[in-house]
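Here you get one chain, nothing else, as structure tokens; it is the form predicted alone.
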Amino acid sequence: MENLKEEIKIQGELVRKLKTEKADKAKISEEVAKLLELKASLPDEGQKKFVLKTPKGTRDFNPYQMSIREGAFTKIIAAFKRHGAETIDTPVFELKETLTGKYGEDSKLIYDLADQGGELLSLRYDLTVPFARYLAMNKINNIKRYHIAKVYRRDNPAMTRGRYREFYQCDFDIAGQFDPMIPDAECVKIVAEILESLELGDYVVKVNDRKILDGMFAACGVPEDKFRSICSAVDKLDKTFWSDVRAEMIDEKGLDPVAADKIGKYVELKGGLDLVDKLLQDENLMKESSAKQGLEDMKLLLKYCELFGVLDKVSFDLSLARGLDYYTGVIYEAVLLGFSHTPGSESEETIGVGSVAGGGRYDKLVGMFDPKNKVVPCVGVSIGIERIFSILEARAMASEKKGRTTSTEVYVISAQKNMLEHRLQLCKELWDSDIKTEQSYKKNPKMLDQFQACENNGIPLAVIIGDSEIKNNVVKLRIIETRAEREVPRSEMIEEIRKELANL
């Protein structure tokens, strides 16, 4: 190949030289022919072989998978709307400075984009920071909103556990100045409603408070400038062992081993109102005003959760930290008990999906974007939809019942040849009446093939037309599952189809 390319290069230079010297045309034509012959012997580089794969941490979704996803989205949106939320949308990328410094140690996972028109941009890491920017930019002080969109993280993906580089988030947030813990408890209630509606099995919503954590760190002797980094270390307790977290605190974060051991005794505590009361008697904690305020808030939150009927699903857990820097108060995380895993175990990659929802209060984030540092208190929750999808898909694949990928209600079938025009008229009539309808795209399809199409696609009803039906101004309605047929007058067709669909 290299020799051939060298010959082509030499021959090309010869042709250019002859043309420059205005040599004999016959000579030039002869050398050009040789050049073309050499080029023709090159392999066709247009047949380049592509690596047919999606980028790391991303995936395609087939129609069956999309039908599962759409079903889940419908239930989630219904819960958001039931609680009075309206929706917004924001760009998939933001100014880099908008995202910088909001995520703590996770900032290294932000995707930066190449300079475009003088702006340094990054793909959005979540939907919360863009929401805060939206509030500050539009001077909005009060809104209840949901937002479902893709976000991007330059993570090392574990796709068997629903972890991706590109994935959907489903966020619900309440912004505004309200009395303590009322909107916070509603967010916990919404998580419970969504997990119940998706029928994912038993779950627990862990709750904690950043003020309690900060007070605990102070009481244990953690310097204030290490609060956030120690918080990030504690956040890993659901993924690894305490011994690993302790080692990180001491070896990487430079924390005194005595302080680390004190933290270890607190983070193993979990319970309910009884634990709140116990901690309110802890003299060391009560010296820290933030811990006292956080525990009073927690007591109120658990009381409201009881009134909402979800207290049995809530656990006050001092190991819950959530590493993002912008949280200022209550934090929570929902975990499916049937799919939890032992940190570091061999089964981690196969059945563990980690948390499926998380969120908390972030009262200072909007102020970071406001020129006057105006505070707009916010609390919200994000549903880990990709992890939920991985469970729903696995369950669907294991089920014997075949799921539908279309919503088609009626299939128009011709009983004889030359019925295409009559089928088209029937389809038009059904579509105009908002009935989801399909037919064969063949002019004269076989009747058996048409029935097979109904069964393959789970279409419940067929409308059959033939010469006798046209003559008598009727159509045959057939229930595909039972194969029961009856004639109905053409004028009553729409009404009878709707009755059958309602019954089915």
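Note that this is a predicted model, so its numbers are computed, not measured. The numbering used is simple: start at 1 and walk along the sequence shown. What we label the rigid core is the largest C-alpha set whose atoms superpose within 1.5 Å from one form to the other.
Keep in mind the form predicted together with a further copy of the same chain is missing from the figure; the text below concerns it.
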Would residue 156 count as a contact of a further copy of the same chain in the model of the complex, using a 4.5 angstroms cut-off between non-hydrogen atoms? no
Does a further copy of the same chain get within 4.5 angstroms of any non-hydrogen atom of residue 227 in the model of the complex? no
Does residue 69 reach a further copy of the same chain in the model of the complex, with heavy atoms at most 4.5 Å apart? yes
Is residue 438 close enough to a further copy of the same chain in the model of the complex to count, meaning some heavy atom within 4.5 Å? yes
Would you mind picking the one in 27, 39, 53, 471 that has a heavy atom within 4.5 Å of a further copy of the same chain in the model of the complex? 53
Listed residue that, although a further copy of the same chain is not shown, lies within 4.5 Å of it in the model of the complex (heavy atoms), from 327, 316, 134, 203: 134
Stretch in contact in the model of the complex with a further copy of the same chain, which is absent here, among 284 to 292, 245 to 253, 401 to 409, 271 to 279 (heavy atoms within 4.5 Å): 401 to 409
Check each residue of 55 to 85 against a further copy of the same chain in the model of the complex and list those with a heavy atom within 4.5 Å, in sequence order. 55, 56, 58, 59, 60, 61, 62, 63, 66, 69, 70, 81, 82, 83, 84, 85
With both forms fitted on the core, give yes or no for whether the Cα of residue 131 moves by 2 angstroms or more between the shown form and the other one. no
Core-aligned, does residue 57 move its Cα 2 Å or more between the shown form and the other one? no
Would you say whether residue 414 is displaced between the shown form and the other one, judging by a C-alpha shift of 2 Å or more on the superposed rigid core? yes
